[in-house]
Structure formats: C-alpha cells, structure tokens
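We begin with a single chain expressed as structure tokens, specifically the form predicted on its own.
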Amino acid sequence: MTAGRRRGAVTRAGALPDTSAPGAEYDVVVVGAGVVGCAVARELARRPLRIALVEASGDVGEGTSKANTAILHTGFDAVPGSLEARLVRDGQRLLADYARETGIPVEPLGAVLVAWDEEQLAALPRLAEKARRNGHRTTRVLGAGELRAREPHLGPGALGALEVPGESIICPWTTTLAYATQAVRSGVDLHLDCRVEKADPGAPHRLITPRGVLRARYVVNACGLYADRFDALFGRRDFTVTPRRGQLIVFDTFARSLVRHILLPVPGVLGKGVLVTPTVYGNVLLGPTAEDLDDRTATGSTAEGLAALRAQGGRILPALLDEEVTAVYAGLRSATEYDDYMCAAHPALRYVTAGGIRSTGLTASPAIAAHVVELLADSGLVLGAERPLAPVRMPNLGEAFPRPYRDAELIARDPEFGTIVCHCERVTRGEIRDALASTVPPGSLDGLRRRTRARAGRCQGFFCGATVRAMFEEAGHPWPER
C-alpha cells in the first residue's frame, strides 16, 4: 500500500457508509464490478477522489466476466474506425503491460483463422486487408500444406488459413481480481451484495440499495447485461441488451498437445463462431455457441448446444472428441442492436454509460477505463493530480509460469506451499490460505476456485472438496472486519 493512502473498505453486509451529510458523498460511484467496472475503479483510483465500486452479487467478476473464451485479442477483425477497434487495439497493449507488471498469466500463441470451404478461403485476403486497416500488418495467408504443418491434428478439408500473430490467451479471473485488488488498496470502497434498485438523479445522485442509500456526484454505469435497465433509472433508453449465450466445453489437460494456436473460424454474422483454444490452465476450450435469448440469467448448458459444439469440434480437431471432458459452462455476452460499444457521457446528468461491451471487453478493459475517465472529465469532474497506484502482484494460476508446488525455496520458507490439496490442479494449502486472507477474499467456493483453481480439475472437487470447504469455513466470515 502506498504510504499515506488509506486502504479501501470491502463490505458485503451491513449498512453502507453514511454519505448523507453535505460533502460526505462519493465523488464517483461505479455500478457493476465486472472486468470493466473494476478497471474503471482502478483508473479513477489514480486521482484524489472518493470512489465506490458497487456490485449486486457477492464477488467481483460474477457476471459476463467469469465465463468467456479468455483471449487477449489484437482487434484485427474489429470494424475499422469504430470505438471498439480503437479501444481493443489500445487495451491489448495496456493489458499486456499490466499482466507483466502484476503477474497475470498470458501466453502469446497466435491464432489461425481456418477456411473450410472455397467461400471462406476467398474471404481471407479481405480479412487481411481489414486487419491492415486496424493497424495489424503481420497477418499472412497460409496454404493448406503450411497450415497442416502448423496444426497437424486439424481435421481433413482445411483449405488454408489467415495467420494472426499476437493473439494470446490470458487468465480472465486474475485480470478482474487484479483490477479490484489494486483499486481497493489504492482507496476505493468495494460494496458487494449491494444491488442498486432505484436511482434518484440529482445533485448529488441518490442510489437506493437494500443496504441503504449512497449519494454520489457522478455515476458510471458498468452493469453489463443490465446496462440498459440501469440507463433507464437515469431516464436514458439509448440501446437494448440482448443476452447472447455462449456454451463451452472444457477438455482435460491431456488434450493440450493437440493444438498449438488459437483455432478460429472465418467469422460470420453472429460473431467469431466456434473456436478451439488452449487455456493458460493447460486444458482446451471448444465453443462458444451464439444464442440470442430473452432471459438474462440463462447460463445453463443444453444438450442441443453441446451436441452442436461436438459436431463442429469434430470437424476442426477430430481427436479432441476422444479426450475427457472436465466441465461444461455457459456465459452471456451483452449484445445490443448496434455493432459498436455503447459508451456515452451525459454531462447534464453527470452520468457515463459503458454499455454493449461484448467478448472483446476483457482485452479492451484498461482502454475503456481510460476512455470513461475522459468522459467524466468532459462532463465536469475535476480529476486532480495523478498519483501512483498501490503495487499489486497476483498469484500465478498459469501452467507456463512457476507455480508454488514446484518452488522449493518457497516451500522451504513456508511448508504450506508443499502440501497439495487439489491434486488435479496442483493447488496447495498455502495458496488457498492466502486467497482466503487476500484484499478481496472470495465470498463462495466458486470465488475461491477462480482465485486458486481448487476444484476446477478433472474430478471437479470430488477428492478435495471437503478439505477446501473446511478451509473456507474455518476462515470464517471476514467481510464485516474489512
């Protein structure tokens, strides 16, 4: 923690801070603690402002941010000239730098867009030109022979590909948590289990929650799937969110040797389509589907969706279907009727929306945050002099980097790192202990899994579940003291 700077509060129960007295209100309240909201809070923490980050659920990254394909995009295929293209391009550079600084695992595997018919093959030069207009001049069309040499396990019939150097895989869980941790350590108050049910726009704004009323001079909407409904609380109806479900299958680590790059399809009207990609945890993802729904909570998998994925995966990488499946899951993307991000400032309201942030939002998150802060300044918020953030170094969850169970010096200093609890994922008692005592501790076993990988392996907690639960319960309920 930086000298002279207080640590922010983390709460998930009890009354909110009293902001009723004149001058006691927050300067900015950011609503929504997904990857975008956490990034915005961290960016605002650079300034001498009183900031709160509020979240309806019990943890950060509980919505769209926890279930995606975990890719650090280059933005080669964004719509040239769009806000998304600019923010993804800038965000890719910023997030890569931030990952090196904080220990977020990233692997720059590169991607290949595989053409399976003549129409797709003919589209590759057009996609290369689009990439060039987005500032990516290193893409290259590969013939069938070179593609086969690069990816020997591809199914029959691949006619060629567009190689996209720079596409990477990243840990989305650590990214969101790093932003939140650094924001809190730099003075941001994080209020979880704090759903904003009503808003009374004014000077200051009043945000009504079941835990009390928060007053704020400025408000940022980073509500993801609910961004349009929150907009309505401020009298705005600029777009409508349509939840787009993406189902995915996770294959066990034995499948990792089958794929060397991120295997992308030639994109269609519903997005980038079904891909096969390694993860930083050493397993392999197949998905996502793209299903427009009405239900903003429909994160279940379906037999039809999984069958469709297996059919497509069998064409892309036939041997993949012989491997064991570790898990299936589904996430919801925040699609709107527009092709671009819906970021807008409403100066008269002292209100900024960061909506319509789809699958590229993880990559773009640091650039979106900087853009939102600019919009707040344009709306009249006096930012004050910039100051350094509290330093953060996150625990490593990636297989390509040293993990505690392999670190003899660490184990000699602290034997808890030599005691493996989750044998599938090689997670030690020391890692679980530290996660439970961290700046933003988990509020659930799923939250603990996203911080450590415990219970995420092939047995899904059958072996370690009781021990992990016991450690979680022994840690007590740390929230009121934080």
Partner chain sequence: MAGAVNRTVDVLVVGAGPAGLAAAARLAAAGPYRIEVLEREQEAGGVPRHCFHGGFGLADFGRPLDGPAYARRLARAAMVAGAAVRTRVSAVGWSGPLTLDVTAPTGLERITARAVVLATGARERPRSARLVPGTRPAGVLTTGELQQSVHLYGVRRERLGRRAVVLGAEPVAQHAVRTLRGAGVEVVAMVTEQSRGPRRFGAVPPPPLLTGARVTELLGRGRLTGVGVSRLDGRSGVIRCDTVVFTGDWIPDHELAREGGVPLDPGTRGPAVDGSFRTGSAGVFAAGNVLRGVESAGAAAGEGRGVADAVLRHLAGAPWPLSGVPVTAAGALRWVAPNRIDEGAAGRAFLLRVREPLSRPLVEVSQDGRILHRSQLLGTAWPHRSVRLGAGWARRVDPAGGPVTVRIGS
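Residue numbers count along the first chain shown, from 1. Note that this is a predicted model, so its numbers are computed, not measured.
There is another form of the same protein, the form predicted in complex with the partner chain; it is not shown, and what comes next is about it.
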| property | result |
| --- | --- |
| Proximity of G58 to the partner chain in the model of the complex, heavy atoms at 4.5 Å | no |
| Partner proximity in the model of the complex: E473 to the partner chain, non-hydrogen atom cutoff 4.5 Å | yes |
| The partner chain contact in the model of the complex: S82, any heavy atom under 4.5 Å | no |
| Residue contact check: A203 to the partner chain in the model of the complex, 4.5 Å heavy atom | no |
| The partner chain: the contacting residue among R46, R50, R433, R426 in the model of the complex [heavy atom, 4.5 Å] | R426 |
| Candidate from G235, G300, P402, P318 lying within 4.5 Å of the partner chain in the model of the complex - any heavy atom | G300 |
| Candidate stretches 109 to 117, 323 to 331, 132 to 140, 71 to 79 - the one whose heavy atoms come within 4.5 Å of the partner chain in the model of the complex | 323 to 331 |
| Complete contact of T336, A348 and R358 with the partner chain in the model of the complex (any heavy atom, 4.5 Å) | no |
| In the model of the complex: members of 453 to 469 within 4.5 Å of the partner chain, any heavy atom | R455, R458, C459, Q460, G461, F462, F463, G465, A466, T467, R469 |
